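Listed next as structure tokens is one chain, alone, in the form predicted on its own.
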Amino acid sequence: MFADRYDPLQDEMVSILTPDGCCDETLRPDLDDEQIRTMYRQMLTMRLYDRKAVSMQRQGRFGTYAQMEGQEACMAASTYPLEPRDWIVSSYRETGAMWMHGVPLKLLSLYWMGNEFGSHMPDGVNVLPVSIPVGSHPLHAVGLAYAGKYRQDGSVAVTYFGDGATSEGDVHEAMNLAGVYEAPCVFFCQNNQYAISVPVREQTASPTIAQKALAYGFPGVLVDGNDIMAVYAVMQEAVERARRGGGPSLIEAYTYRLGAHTTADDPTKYRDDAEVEFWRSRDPLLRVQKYLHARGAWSEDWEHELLEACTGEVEQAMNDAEAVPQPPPQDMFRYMFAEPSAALREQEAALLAALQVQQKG
């Protein structure tokens, strides 16, 4: 429905839940208020985790961390239509999506603490480890999608990336390959307006990112990324299309990161306060809160209960992660190949020798 009715060439955006909490009932997806409340709790957990992670980094307890504040609707709503058999292949900003698809917050915290065990996904959780090189991972998603098609297991692969990644050739190679082989793959672009400090208008001359899908022979849809109902509805359509053999889709979720690119970034150098405040008024959590309040499904007491429960969940995950012993330094050489290459063995030996000298000194 959305892929047919909303033309990305005309800059048409799917929007169902407005910033003031009003819902277009003609487009409303099959989500009841209890499901919306659950999704609100999940988004709140993401936000609390995000803020705690930044605090941990400032204290030297996390490494460089990529914030997701402002993009919670993208992650919560886009994972809702997925099944356990489906795959998620993400970049470094999808901590929330990985958690939604089964990766415990403890493991995610271990990853950000620099512990290699944080990339060991639990059995049955179809999530690849975080990909740091920008734009390289959509190719892996296409491979997983094609494997699912070959095995006829009904699985779908979803890959997340930012607007900046669409300036990388790998992303276009992945979309071209997916289009040619009609792979059951969903490309989910979180257009948060900046590739670190480069605004999207300086990355592409096309009015939308979604329209790029047309060149590869499959639908592209532009959606309000701060609207959980719209993201869910568009994603549900794309996943169902892929699962029934209809091929890939590209979803451009138009959103905004309220925080910095990472904890190593200073966004005041390239954007002003007025812009940030405009987007704060479009906060995805505030939007859902207004919607639920109007329907008598939100109260201050419930909000306080949620804050206490979600804060406890985040704190417990962080504490559990910090209680895990640090792996030995040579652990970093264990997970690239089944059998270490000669070069890796040489590097490991050099590291151990250097550490031995350091200890003696």
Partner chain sequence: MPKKSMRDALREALHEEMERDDSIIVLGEDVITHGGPYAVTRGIDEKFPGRIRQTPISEAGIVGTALGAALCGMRPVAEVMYVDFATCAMDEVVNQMAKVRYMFGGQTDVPVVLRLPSGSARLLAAQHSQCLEAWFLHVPGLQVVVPSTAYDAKGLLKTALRGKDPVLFMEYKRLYTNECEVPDEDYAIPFGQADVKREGRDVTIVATGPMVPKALEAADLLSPEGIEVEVVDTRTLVPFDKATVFASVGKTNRAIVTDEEVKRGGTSAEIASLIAEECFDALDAPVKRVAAAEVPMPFSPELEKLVVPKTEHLVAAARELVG
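Model, not experiment: these values are computed from the prediction. Residue numbers count along the first chain shown, from 1. Just so we're on the same page, rigid core means the largest C-alpha set that superposes within 1.5 Å between forms.
What follows is about the form predicted together with its partner chain, which we do not show.
Inset, instruction - Could you tell me if all three of Val14, Thr38 and Tyr40 have a heavy atom no more than 4.5 Å from its partner chain in the predicted complex? - result: No.
Legend entry - Partner contact for Tyr181 in the predicted complex: its partner chain, 4.5 angstroms, heavy atom: Flag for Tyr181 set to yes.
Inset, instruction - Give a yes or no for Ala264: in the predicted complex, does one of its heavy atoms lie within 4.5 Å of a heavy atom belonging to its partner chain? - result: Because no heavy atom of Ala264 falls inside 4.5 Å of its partner chain in the predicted complex, the answer is no.
Inset, instruction - Classify His140 as contacting or not contacting its partner chain in the predicted complex by the rule of any non-hydrogen atom within 4.5 angstroms, answering yes or no. - result: Yes, contact at 4.5 Å.
Legend entry - Contact label in the predicted complex: Ala338 to its partner chain, heavy atom within 4.5 Å: Output for Ala338 is yes: heavy atoms within 4.5 Å of its partner chain.
Legend entry - Proximity to its partner chain in the predicted complex, single hit among Tyr146, Tyr194, Tyr92, Tyr216 (heavy atom within 4.5 Å): So the residue touching its partner chain in the predicted complex, by this definition, is Tyr146.
Legend entry - Listed residue that, although its partner chain is not shown, lies within 4.5 Å of it in the predicted complex (heavy atoms), from Phe117, Tyr80, Trp99, Trp279: None of the others qualify; the residue that does is Phe117.
Legend entry - in the predicted complex, segment of 121-129, 252-260, 208-216, 158-166 with a heavy atom within 4.5 Å of its partner chain: Stretch 121-129 is the one.
Legend entry - Residues of 159-188 having any heavy atom within 4.5 Å of its partner chain in the predicted complex, listed in sequence order: In sequence order, Asp170, Glu173, Asn176, Leu177, Val180, Tyr181 come within 4.5 Å of the partner.
Inset, instruction - Classify His293 as shifted (yes) or not shifted (no) between the shown form and the other one, where shifted means its C-alpha moves by 2 Å or more with the rigid core superposed. - result: Shift at His293: below 2 Å after core fit.
Inset, instruction - Would you tell me if Met332 moves between the shown form and the other one by 2 Å or more at its C-alpha, with the rigid core held superposed? - result: For Met332, whose C-alpha is compared between the shown form and the other one after core superposition, the shift is 2 Å or more.
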